[in-house]
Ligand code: PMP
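One chain comes next, on its own, written as structure tokens: the form predicted alone.
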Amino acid sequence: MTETNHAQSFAPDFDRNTPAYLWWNGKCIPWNSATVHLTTTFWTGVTAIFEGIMSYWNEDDGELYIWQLDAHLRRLLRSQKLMRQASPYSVEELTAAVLELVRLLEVRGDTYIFPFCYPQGGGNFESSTRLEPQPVEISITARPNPSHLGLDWVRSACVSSYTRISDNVMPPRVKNIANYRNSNLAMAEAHINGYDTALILNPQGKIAEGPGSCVMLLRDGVLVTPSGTESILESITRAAVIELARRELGLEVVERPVDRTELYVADEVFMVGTAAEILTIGSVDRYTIGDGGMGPVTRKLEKIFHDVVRGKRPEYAHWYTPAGLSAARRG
């Protein structure tokens, strides 16, 4: 796919590491003003939750399209419920906060939006085990994050020796910071052994997902992906890609347990997720998938996904939220 990449066109003061502003507990404040005492960080990772939300710049429209903002924020509130957090803001209030922040930053490129909920005052182990919901603080950051759609990225993968966490251990459907230690171990193992990424088996020995992304494979014209009860995150991007595969390409999509050796003999394998977007896996455990490059179905899906997330397919407008940057500049 050949596309003009406008992802690097940022406002001069929109720095990747320290943007001018972030949103914290109800208002936008200067980045350097968002400080807490060191001791408040000690236990935050145990129950802290987050969302990762991509937003895509459309140069022709002069607009930023936020991918599935409503769905991500609703999942954030579900994670809060499962972690027994008291939710101080509604989806509507958090939506307004995200829009306020990206407008204040005058975003001009693909951007990663990160809502983060953590125990008020840092909390401790005891407070996180009580029946009553735990008070939390919420921050939202927005940083440049250029998309790799259209760049023909291909990655090698291994099946990790680590087992995926399960619903009776640390529920994967919760976007809990602590859950990501499992992914971190698998990714570190992959890198040490010379692979780009990993695929993780669930306790039943079936393929679950990658470190922060879901997996799909094409076999004999059928798109196959582990089901929602196979120790995977209830991925928003995964659900969208399933719908696009059925609606746009007329593919049969089957959600079921997947054996590791099915990956070795698949025609195409790819990952999907906020960071992965649609990412080709060219080999698994040194078995070449197809010809080792992006397969024809993956390429078609990537092109469709690219056009949808950049606001070029109005029939999918319910999936993205215009940030209102073009209107703000006209005003």
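Not measured: the values here are computed from a predicted model. Residue numbers here begin at 1 and follow the sequence given.
Separately, the form predicted in complex with this ligand exists; it is not shown, and the next lines address it.
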item	value
Partner-facing stretch of 245 to 253, 148 to 156, 210 to 218, 88 to 96, counted where any non-hydrogen atom is within 4.5 angstroms of this ligand in the model of the complex	210 to 218
This ligand contact at Ile236 in the model of the complex, heavy atom, 4.5 Å	yes
Contact flag, Val272 vs this ligand in the model of the complex, heavy atom cut 4.5 Å	yes
Partner contact for Tyr180 in the model of the complex: this ligand, 4.5 angstroms, heavy atom	yes
Partner proximity in the model of the complex: Arg75 to this ligand, non-hydrogen atom cutoff 4.5 Å	yes
Sequence-ordered list of residues in 161 to 177 near this ligand in the model of the complex, where near means a heavy atom within 4.5 Å	Arg164, Lys175
